[in-house]
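Next up is one chain by itself, shown in structure tokens, the form predicted on its own.
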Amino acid sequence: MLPFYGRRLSRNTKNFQLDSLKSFEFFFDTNRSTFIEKFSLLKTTPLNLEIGFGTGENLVFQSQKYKHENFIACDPFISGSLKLKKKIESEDLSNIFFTNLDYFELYKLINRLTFRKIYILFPDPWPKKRHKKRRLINLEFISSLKKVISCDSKIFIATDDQDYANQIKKLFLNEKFFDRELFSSNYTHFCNNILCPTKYFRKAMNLKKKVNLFIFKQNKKKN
């Protein structure tokens, strides 16, 4: 299991902000791990997951679009959690539950749950050759996804790094557990109210970079 790399906490973060976040009813961390147990009771409510929510743009977008579904989200950067908290409060949302745990820490808590949709939008590409081992999407990660999806689940992945896109495609299809429902770079899903055109999407557009979008689902014939 890969360690998390990078700074979790901004130097400008104040103690009162952290205290407010920790007491926020929709936030949980290692000290509130029992909070996640309530999701096991939501048998009739579709449950979704976003891994690396950034500032929460797509998360808020999806939660408003699917008001009768619940969303769990993780991102180890506290600054993103603080921004998401403000958005949840300003939009009066009640179907987002988020954490600063990284994915593999969260996975220990959710590996008995299944998700209808999983979003992984613009994960850090770690473009330097010596850093590629730090990429989130690897064999261990894909193996973990097998345990949290059902035959009707969909996994949305977007990246503007072509080398990472090639790696994602190869890893998923070599597993033979997954089928590729879509591989596109025409931005349709970001422009037709399916995915939120996030900050990283807009940045890629400004730099005239191709955005690769994958949608994977379980291969029903082989599983």
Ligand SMILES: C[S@@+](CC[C@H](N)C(=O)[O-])C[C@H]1O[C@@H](n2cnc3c(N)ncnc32)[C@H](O)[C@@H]1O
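Only a predicted model underlies this, so the values are computations on that prediction, with no experimental measurement involved. The numbering used is simple: start at 1 and walk along the sequence shown.
Heads up, the form predicted together with this ligand isn't pictured, but that's what we're talking about next.
- Using a 4.5 angstroms heavy atom cutoff to this ligand in the predicted bound form, all of F77, L121 and T198 count as contacting.
- Just one listed stretch, out of 22-30, 63-71, 169-177, 49-57, contacts this ligand in the predicted bound form at the 4.5 Å heavy atom level, and that stretch is 49-57.
- Contact check for L136: a heavy atom falls within 4.5 Å of this ligand in the predicted bound form.
- Among heavy atoms of F115, none comes within 4.5 Å of this ligand in the predicted bound form.
- Proximity of F98 to this ligand in the predicted bound form: non-hydrogen atoms within 4.5 Å are absent; the residue sits far from the partner.
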